[in-house]
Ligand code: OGA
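So this first bit is one chain, no partners, the form predicted on its own, shown in structure tokens.
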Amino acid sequence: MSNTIEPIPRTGPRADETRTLPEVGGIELTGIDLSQPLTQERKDWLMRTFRAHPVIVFREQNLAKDQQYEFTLTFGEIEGLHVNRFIDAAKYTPVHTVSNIGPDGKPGAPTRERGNYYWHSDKSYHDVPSLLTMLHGVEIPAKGGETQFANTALAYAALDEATKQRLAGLRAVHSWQRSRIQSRSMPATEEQIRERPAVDHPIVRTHPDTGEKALYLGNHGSHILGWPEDEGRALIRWLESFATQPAFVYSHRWRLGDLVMWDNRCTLHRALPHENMEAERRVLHRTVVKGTVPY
């Protein structure tokens, strides 16, 4: 992971400005219109940039859902439908909406779905978890509602050697059912549990592109394979607390039109509530790229 910014290709639209996001090893780009077709040179540059910067912020985008879908395909196969489709099939489409809008069409604080407000890596409860996620800001509240990102590769590098040795070879059990309990969300249904049984992944994951090691945990993490559950959960929570201390965290303050993408293999993220959730709408469009089996 590098904070060095590779020059943007001269062919096609140019970026007017770049800014690093040092806490998370990320980058902010302006002056690129993602609604326009990308040249192969630009696609290759974006892939290299994403390998070097696990969080990328594109400012001032105006993407229809089909345009976001096409841009997402630049980075790989779009993931299958969310396990929550059993609850609301109309909502959980390949480009689906994340919002505080209730069934009555009015904004409000979440009551049934609270998982976004806890640190997590998307779909870590899958045997093949997510590679990257994109969110496009369509309606943004006046104050609050930030999305926070923690760089778990930087956190792993900061651990002492004794702790690294202790973690070597440990595997955490990740569970959709358990994450619902931990986030005080609506309980998992029997259908959801059958489709998404618990899986286990290494606590220290090797990034397939960079070779860097990163902590792989979050709210979907239930316990450590082969350990007493309480003891394993205590270690997972301690590691999460270490990885999400301010030195490793970037808080993204949304502007209308922002598109933010991040690498789930070496980051955790969570949403923060905005100040007036009962009156102000927060609407984002979300796409997810399928990843590979962690090792």
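Note that this is a predicted model, so its numbers are computed, not measured. When you see a residue number, it is the position in the sequence shown, counting from 1.
The form predicted together with the named molecule is left out here; the points below concern that form.
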ask   = Which single stretch, out of 62 to 70, 37 to 45, 266 to 274, 243 to 251, brings residue heavy atoms within 4.5 Å of the named molecule in the model of the complex?
value = 266 to 274
request  = Counting non-hydrogen atoms within 4.5 angstroms of the named molecule in the model of the complex, say which of L135, I224, L159, V204 makes the cut.
outcome  = L135
note = Checking S185, N116, T210, Q192 against the named molecule in the model of the complex, the residue with a non-hydrogen atom inside 4.5 angstroms turns out to be N116
inquiry  = Considering non-hydrogen atoms and a 4.5 Å limit, does the named molecule approach V98 in the model of the complex?
reply    = yes
request  = Would you check, heavy atoms only and a 4.5 Å threshold, whether T147 touches the named molecule in the model of the complex?
outcome  = yes
inquiry  = So, L21 and the named molecule: in the model of the complex, are they within 4.5 Å at any heavy atom pair?
reply    = no
query = Going by heavy atoms, what in 160 to 181 lies within 4.5 angstroms of the named molecule in the model of the complex?
reply = none
